[in-house]
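Shown next as structure tokens: one chain only, the form predicted on its own.
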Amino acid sequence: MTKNEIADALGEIAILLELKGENPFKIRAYQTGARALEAIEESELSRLVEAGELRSVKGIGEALAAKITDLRITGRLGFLENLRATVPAGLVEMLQIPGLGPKKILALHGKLGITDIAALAAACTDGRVAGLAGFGEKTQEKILAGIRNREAYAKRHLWWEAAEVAAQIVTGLRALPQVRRCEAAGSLRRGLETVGDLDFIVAAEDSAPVVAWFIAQPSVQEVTAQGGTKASVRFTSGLQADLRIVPEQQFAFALHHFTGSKQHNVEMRQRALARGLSLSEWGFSPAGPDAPASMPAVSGEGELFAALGLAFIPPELREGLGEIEAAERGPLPRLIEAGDIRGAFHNHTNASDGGNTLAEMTAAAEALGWEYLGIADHSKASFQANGLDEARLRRQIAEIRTLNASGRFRTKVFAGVECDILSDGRLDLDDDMLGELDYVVASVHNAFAQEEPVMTARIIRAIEHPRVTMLGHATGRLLLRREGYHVDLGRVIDAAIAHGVVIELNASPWRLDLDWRHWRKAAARGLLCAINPDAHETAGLGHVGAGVNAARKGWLEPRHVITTWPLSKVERWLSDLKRR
């Protein structure tokens, strides 16, 4: 196991022990051990394990050292497996309800005998939860709302997670000798932030072996439909997938049909009819007296669009939101691509709540070919995230300057902070402290329930601060878990443009915030975007891919996104901001 995987395992042990009501000191030992692991580098962990010196690390005792060693070498820990077996799975599942931590779940279990979400919903409905000490009517209603949201969200899946499943299936299908062409379609191909199900379009003449391979995947829990050229399955994750096999000459039509939104497809069919053509998933056919003498030859989607007098429309734009009118006028803008990204600004280390050291994060950025990496650990008000006070932040700035001067990495590191916007719009750190940094990301992390006018004024006050460089996750949403807070985004965007403040597109697959639906108009008015992964570990840097998908849906070009700028331009820009 990697050190982060081991740290996660220790964190899971702490949660399970807390759900069992174990000694707080024992629980804290595992939490401390997880934090201690995050503070060392992978190579150092390997050395310590091989030398039997784990106990030399502050916070790791003899028993913990033995468990870490087992996890590092074997990837398994009998203690954790046995612990999982003693805690009802329903209690762990209840942690998915916003506002329910281990202590509250333990109280619900101990006083009301609640062991799963269904029993929790019943206890809330009949008022028993409100009667418990430390709960009350307000908490009961929040729990019920969380349960309702969870049920509503259960039918959808994050794009990032669905894309991982789809990529494996597409790779497997393309490897079959019978398959001539294969693509994933649907909302996944359009890059929607959440996906209801997966669609796979395959061109093949001999369909039986393709269907047989598809339904035999190890992750398939249930085959819900099976035919000569179609099949539907449900994976263990709950995600459903449909396979459609067509002759190769129909592939482009089927791919287009099963990719576009309902509105996009309606508009395309109407456009075809105006030219005497009927458009369907099967191809073109004559429609009415104005039908051409022969049907247009189509082997790819580009030819399909051309046959209707349109430039190619990228899949991400096929939402029926003006893309057809734009394609009628000529080629669409060259949308941003993953290869355009040269760095990012909103990233965390183990100095706050990240899982990797400054050096490890920098090495990972260098491996991605990035020219620069911004470190923006939490400020002190985010105590739950081990936020940095002034003294710790100054030490981190010095560490960053030393690392840059060492020449150890080609990637330059910028010293920033994710500074909390306090409930009245003030910033969590004073002006002198902020002035020592290269940049400042200002974000809301508490008091989400403020009324819209109050929240809007709060964020605008922060945007107006001369030291603020960019606004982090503008609505605070967590996809499939928590709605964003109420805020007038129009006024926030106006303020950002007026004060030269960048708004990030937080690329965390759980956020993708600011939502893609706002970017086209905002960018046209001059708002700049930063695609930031909000990475809390090295692997999280890769989440910029999800952000690029969302940016493409927002019609963003490289010129709209500052994280496509070369290092020299970023340095000039930051220098100019410091002088304003």
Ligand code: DGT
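Position 1 is the first residue in the sequence shown; the rest follow in order. Model, not experiment: these values are computed from the prediction.
The same protein has a further form, the form predicted in complex with the named molecule, not shown here; the description that follows concerns it.
Screening N386, S278, S261, T224 for any heavy atom within 4.5 Å of the named molecule in the predicted bound form leaves a single hit, S261. Of the residues R426, R128, R180, R156, just one reaches the named molecule in the predicted bound form with a heavy atom at 4.5 Å or closer; this is R156. Heavy atoms within 4.5 Å of the named molecule in the predicted bound form are found in exactly one of 329-337, 170-178, 192-200, 401-409, that being 192-200. Using a 4.5 angstroms limit between non-hydrogen atoms, S187 touches the named molecule in the predicted bound form. The shortest heavy atom separation between N149 and the named molecule in the predicted bound form exceeds 4.5 Å. By the criterion of a heavy atom within 4.5 Å, T115 is excluded from the residues contacting the named molecule in the predicted bound form. Within this chain, V266 lines the site of the named molecule in the predicted bound form, having a heavy atom no more than 4.5 Å away.
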